[in-house]
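The data below hold one chain only, encoded as structure tokens and taken in the form predicted on its own.
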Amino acid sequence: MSPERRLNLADLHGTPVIIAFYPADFSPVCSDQMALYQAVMPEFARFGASLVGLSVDGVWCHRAFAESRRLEFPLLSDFEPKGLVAREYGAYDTDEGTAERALFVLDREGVVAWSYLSPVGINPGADGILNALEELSRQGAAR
């Protein structure tokens, strides 16, 4: 994804969406977390889910971070107005001026089906996301 490209959640309507808010590119915990999600991408894809990472870092910082960590999913910049999207999701740390470490799984209609706010220094892993996607899959099969 080029740094100049814009992405709206409406572009992903019809598929489950994972939003991974994180404090900063290149920080140790964020690097581990995003690398884990890259490794788990085949599992996310099994559920037809799209993943986006989101922090207040700028687009060029995101590009360098994605290239250095070989991330193949979009990293979105919540740079200006700073933290606007994170604030809308209740995932903005006003004291630090960064996004919280928070996960959201949206259903096919864009409704929050699951969320988790992690302590900033802890990688929340992928189990909660996978459980939420499994539950959405079961709900869809029951319809």
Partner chain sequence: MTTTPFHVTGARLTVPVNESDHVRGSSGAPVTMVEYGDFQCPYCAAAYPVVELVLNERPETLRFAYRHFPLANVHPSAEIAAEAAEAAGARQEFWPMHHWLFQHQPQLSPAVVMLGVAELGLPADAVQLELAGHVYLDKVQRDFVSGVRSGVNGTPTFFINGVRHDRGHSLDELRFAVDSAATDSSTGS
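Residue numbers count along the first chain shown, from 1. Just so it is clear, the model here is predicted, and its values are computed rather than measured.
Omitted from view is the form predicted together with the partner chain, to which the following refers.
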Heavy atom to heavy atom, is V17 within 4.5 Å of the partner chain in the predicted bound form?
-> no
Counting only non-hydrogen atoms and a 4.5 angstroms cut-off, does G90 reach the partner chain in the predicted bound form?
-> yes
Would you check, heavy atoms only and a 4.5 Å threshold, whether E134 touches the partner chain in the predicted bound form?
-> yes
Contact of R108 with the partner chain in the predicted bound form (heavy atom, 4.5 Å) | no
Which residue among F79, W60, F26, Y116 has a heavy atom within 4.5 angstroms of the partner chain in the predicted bound form?
-> Y116
Between 26-54 and the partner chain in the predicted bound form, list the residues on our side with a heavy atom within 4.5 Å.
-> A35, L36, Q38, A39, V40, E43
